[in-house]
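Take a look at this single chain in structure tokens; it is the form predicted alone.
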Amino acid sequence: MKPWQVIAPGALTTVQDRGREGWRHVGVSRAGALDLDAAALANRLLGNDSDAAVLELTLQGPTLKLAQPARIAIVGAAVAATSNGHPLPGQRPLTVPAGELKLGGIREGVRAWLSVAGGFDLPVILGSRSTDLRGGFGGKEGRALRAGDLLPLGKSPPTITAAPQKTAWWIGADDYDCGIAHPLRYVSSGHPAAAALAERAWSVSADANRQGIRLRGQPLPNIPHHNVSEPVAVGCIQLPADGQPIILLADAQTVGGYARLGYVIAADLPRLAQAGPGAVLAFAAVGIDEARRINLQHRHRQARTALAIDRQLARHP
């Protein structure tokens, strides 16, 4: 497959997969897609390995030049996507011809994920093709895409078509929901200010990125803390001295000195990918056993959706 050329890079487009596991002890962040479920579904729709590299789009997607037809899928928030001017729907496999693939503005959220049959064939560094923006490695030279970049593709079956084609089926709202309307559930660390997190309304500040989300609201009590750096991970809710919490995301550091209020449960982490500036968030505390039950239900739901996609692909390859 001939590489794709980046005509316009979009607001922040990066190459991501499931990220790097097993390197946090040496200070390497996980990186990877902010919504691992969406990236895996985008790959599943094409029969890719779930860890194949995808493009993560933020706010405004890129414009790409395709040298030959390709099979793609777009999962996540709604994207104003076109192929040579023809509108493209999301949440399903699509066959697009050579020419211009334009991923425009993103609505009802801030991020979406674009997969291609065979994946994007960028170098594997520390077991992943993901872009680590803080570390400056992985993906396309450790940075967001730029105009003129070439994106090599992995091997895939040849696809020939003269116009966009879409399947008659798609992932429905019951199969994938990226909204943030419901409270984010978290397991408390036992910190004295942790309970108050669920008692107040919060909004996402403009100071939000792949490293973390800063919240704004009535400040939490400023309780003296020992300020000794401790291990942190994705989903950790930190409390700086100003009383405005921070939720760590995929590019987060591996240790931190702020007090830890708790962790957002794994099942709710994907929803944080759509929490753009101004978004209103609420929290609800759950116990360890409840968190495990919810996470197990979430994994079962993912498995059922994957099986349903596989059945459809077997009927309509």
Partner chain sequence: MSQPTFEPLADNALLVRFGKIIDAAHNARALDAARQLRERNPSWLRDAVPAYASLAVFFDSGRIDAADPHAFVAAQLRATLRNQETATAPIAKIIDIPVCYEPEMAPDLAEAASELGIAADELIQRHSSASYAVAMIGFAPGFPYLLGLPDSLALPRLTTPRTRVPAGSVAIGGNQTGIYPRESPGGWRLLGRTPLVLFDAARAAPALLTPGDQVRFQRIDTAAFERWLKEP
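Positions refer to the first chain, counted from 1. Nothing here was measured: the structure is a model prediction, and the numbers come from that model.
Missing here is the form predicted in complex with the partner chain; even so, the following discussion is about that form.
- Only one of L249, A52, A291, L36 lies close to the partner chain in the predicted complex, with a heavy atom inside 4.5 Å, and it is A291.
- With the partner omitted here, the residue from D121, D207, E100, E230 that has a non-hydrogen atom within 4.5 angstroms of the partner chain in the predicted complex is E230.
- For the chain shown alone, H298 is not a contact residue for the partner chain in the predicted complex, no non-hydrogen atom being within 4.5 angstroms.
- Interface membership of A195, defined by any non-hydrogen atom within 4.5 Å of the partner chain in the predicted complex, is ruled out.
- Although the partner is absent here, H25 sits close enough that one of its heavy atoms falls within 4.5 Å of the partner chain in the predicted complex.
- Using a 4.5 angstroms limit between non-hydrogen atoms, V280 is distant from the partner chain in the predicted complex.
- Proximity to the partner chain in the predicted complex holds for none of L64, A73 and A144, with the criterion being a heavy atom within 4.5 Å.
- In summary, the region of this chain contacting the partner chain in the predicted complex, judged by heavy atoms within 4.5 Å and restricted to 56-64, 272-280, 36-44, 257-265, corresponds to 257-265.
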